[in-house]
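One chain comes next, on its own, written as structure tokens: the form predicted alone.
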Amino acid sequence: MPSVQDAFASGGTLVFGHRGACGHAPMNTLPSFQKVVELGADGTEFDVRLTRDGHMVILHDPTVDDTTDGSGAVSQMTLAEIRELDAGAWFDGEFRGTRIPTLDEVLETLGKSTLINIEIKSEVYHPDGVEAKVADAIHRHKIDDLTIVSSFNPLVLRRFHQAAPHIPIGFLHHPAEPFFLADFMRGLPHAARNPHFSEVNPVYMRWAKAHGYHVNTYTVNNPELGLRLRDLGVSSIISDVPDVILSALRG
């Protein structure tokens, strides 16, 4: 498998599964990651958060309320408490009993079968150590060359870059996010900008290319939109249904 940098530099448009293949299996769970590999996506994207006792778990929201049978903030729960939750039944009964995985479990499941986009989730601006923990996990699993790390939080990206300057980073942004956050990226070397698809147009692409950024856009489930973004020259498309986008781009 090529490195993530070589893959982005190849000139084609890659397809990444969003939180695994979350259109086919409960998001950010092992069945979802197994499905994204089965579908043949170029890569997968997922979210990492810290528990109260400092473990890295794969969950998008700051609380467990919407995707489990429990409630409460991830940051206020221990790994043991999170392990008791059912993270699959909400999606479909066949996934009943599916648990929230740790980062290590996901990386063990994926191995070197796919490129990886790890989004570090952190709503706080003071250091909590998550960046160094993620960098250590990437290194232990020997996937430094297959991984890009992303975040909406520019301070997280700065701390991650300090911990692992050789691993590329991407700045996530969305029209609803405060516009001034991008100012905190000034002077920080980063390989990519990861915009919501609604922000991608010819002007944006000219700007990104002039600054040497790859463009990884989310969350694209419509094949016609996928084709339009490919033609604009995005580096990767992140999709809940990577098989649909793959079929449109390569069919």
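Counting begins at 1, following the sequence as shown. If you're wondering where the values come from, they're calculated on a predicted model, not measured in any experiment.
Absent from the display: the form predicted in complex with SN-glycerol-3-phosphate. The rest refers to it.
The partner is absent here; in the model of the complex, the one residue of Leu172, Val74, Ala137, Leu146 having a heavy atom within 4.5 Å of SN-glycerol-3-phosphate is Leu172. Contact with SN-glycerol-3-phosphate in the model of the complex, judged by any heavy atom within 4.5 Å, is made by just one of His161, His141, Lys121, Lys133: Lys121. This chain is displayed without SN-glycerol-3-phosphate, yet in the model of the complex the stretch 39 to 47 from 182 to 190, 207 to 215, 39 to 47, 65 to 73 comes within 4.5 Å of it by heavy atoms. Although the partner is absent here, Ile238 sits close enough that one of its heavy atoms falls within 4.5 Å of SN-glycerol-3-phosphate in the model of the complex.
Contact check for Lys35: every heavy atom lies farther than 4.5 Å from SN-glycerol-3-phosphate in the model of the complex. A residue is said to contact a partner when one of its heavy atoms sits within 4.5 Å of a partner heavy atom; Phe152 meets this definition for SN-glycerol-3-phosphate in the model of the complex. Residue contact with SN-glycerol-3-phosphate in the model of the complex: His55 places no heavy atom within 4.5 Å of it.
Contact residues in stretch 1 to 27 (any heavy atom within 4.5 Å of SN-glycerol-3-phosphate, taken in the model of the complex) are His18, Arg19.
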